[in-house]
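First structure 1, then structure 2: two forms of the same chain, each alone, as structure tokens.
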Structure 1
């Protein structure tokens, strides 16, 4: 099997995620998180929440509805502009995204291409329909991806599922600005669901119709865009960027990004924080991370500066977008001020202005897939995820060597003690070897076995998932030893290898 098939097999078999409603015919683009996937997703979200909201004392999280008034999306421009290129096979009438059809067949980017250009590429290269193998396609047209609903008994009022979480902070800005004592910069974060009627969802778990975003919208005075607190702490830090003109990754200091490339300090500062989140918190290898600059033709018209955060994924054959950092100007609050007739400009120290927005936008689900791609490992006798303990769905597994001689009772006693401080699992079904393999497979970091020696001297075996090495640990010292191990200390420094 391919790496993608192996990961998907573990994910569906062990309870990370699986197609929603699979006892019926599943609908493409909808997935259910199982018990392990939910644990891992919550771990990721909590890491994101703690890290990014910790960047300022004036950054907070809000939670909004998924269904929104039609006027919200008229003002935001989604009803007019939230479109994907659609083409249809003339033979079998299979509909698909024209840009994805080209990217899959030619392994090239379609960013910035117009409808006619995509039509010509499809025709010139005789790209075949993925459903019937025909190469006769209709014209490329734009398809709006919004999900519409009817509200009320009469069904006369049309509303929409939000296609992004960003609009929630924008329409909540006035209320929150007042509640937070009218200070800027002010950040409003949302971790929640968004919905897009993708034409033909593909790439399994990567492109979904219902998905979770983690976004931070930072409202600030545009005159302060070239200012950043603690600039001296980051000015020499090097950021991995793929610039449009260079077509390669360069590591450029923040000072040079600011002075030579004219990127404002406020923007660059947040680039450093995003890079550190991936490299230092999530432990992503440096060579698999980059910021990719989007050209003027590629980015949305309202984005003044736009870099995508990309990871190099083997399962998806290259660099894929995980997040984005967007300087959106006053487009959002300006549009909602015009559409709602509510004043969204602020007055600070006698100066009136519409705050600008810096957006940090992350796709949670695709980040989960990326972690599974990067940390998957196939060995001769086992498959495993080498997750860091901060992201692992299960950190510690406890097993009795046998289901007799009071070993299960002792194992459950230890489980109850450890489960108060660590994410633990208890298992007594199958041989010890099979239990180890199951836990390796889901990425569990540490495994504790209770055996007959435990009943004699109150010590247990602690096994390292990665090295397969083991030490004996007294139960009274177990919490302390586990804490050090899960924080990264090598097993051989914590006890004698047995």
Structure 2
């Protein structure tokens, strides 16, 4: 089995995620989070929330509807431009993305190609239909990826499911700018669903038709783009950057990114925070992380500066986009001001201007997949996820050694106490060995076993998932020991104090 298959096997069997509606015929690109996946996703979202909203006293989260006005996407440009190139096999009527067809067959990029150029490439190279092997394709047309629907009883009002969460803060800007006392920078985050009618979603859990985004839109005065409040704190910090010109990862100090590469300080400051979130909070190994500069052909016209945040994933054969940091200028508020005729220009100390936007955009589901890829480990006797306790779906598992002699009662009592402080699970269905293996497989950090000795001296066994070592701990010290253990203290060291 491949690593992808191994991870998928655990994910579906143990309750991380599985194809939505699988008791019926599942539709590609829709997945359900099971009970473990939901716990893990909440962990990730709460870490993101705490870290990025913690960057300023003026950064907040809002929650918007998924169904939005047609007018919103007229102003944003999605109605005209949010398209994928579609082609159809004339023989079997199989429809697919023209760019993917070319990329797969010719192993080349299609960035910036026009529809005619794609048609010619398909024709000239006699690219075959993946469905029937014929090589007679129809014209390439642009297919809009938004889902449209009708609202109301008359059936003549078309609305859309948002294809990104970003529009919500732009639409709510005026209201929130007033509620938050007209200060800039102001940050509005959304953690929520987005919907894209992908022509042919691939890569399993990595490219979804319904997915979760965590996005922070920071509104600021463009004149301050080369200012960052805490510049001195970060100026010597080195960011891992992959530039289009030299095609390798360089570790470049913020000072140099600002002075030599002319990246504005406000942008660079947020690069450091994103890198710290991955390396220090999520504990991603440094060599699997980079910022990749996008070429002009790759990036949207309104993104004046655009680096993707990429992780190196074995299951997806290389560097994959996890997030993006986009300086979008006044494209967003300018567009909505024009479209809505509402004044979105602000006036601060007599100066009037349209706030610019710096967008931090994360795909939550693909970040979850990345954690599973990076922390998966196959050993001779077992498979496990070496999750840090801040990300594990279950931090502590409690088992009775046997289902008799009042051991379950004692175990449940300990479960109740620990569950107030940690994410705990109680299990009694199986031999202790099987219960350990199951908990290894879901990345549970600590396992507590209650046995006959517990009833005598009130001590339990604490087992470390990674080292497989065990120590005995008095129940009165259990909370303190677990707290230190989950914060990263090694078991050997804890063994001495209990």
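Nothing here was measured: the structure is a model prediction, and the numbers come from that model. Residue numbers count along the first chain shown, from 1. We call the rigid core the largest set of C-alpha positions that still match within 1.5 Å between the two forms.
Each structure shows the same chain on its own, and structure 1 is the form predicted alone. Put simply, the chain has two rigid parts that turn between the two structures, and the hinge between them is at 82, picked from 121, 82, 110, 184. Superimposing on the larger rigid part's C-alpha atoms between the two structures leaves the smaller part rotated by 12 degrees. In the rigid-core superposition between the two structures, residue position residue 102 carries a C-alpha shift of 3.8 Å. Relative to the superposed core, residue 127 has its Cα moved 4.6 Å between the two structures.
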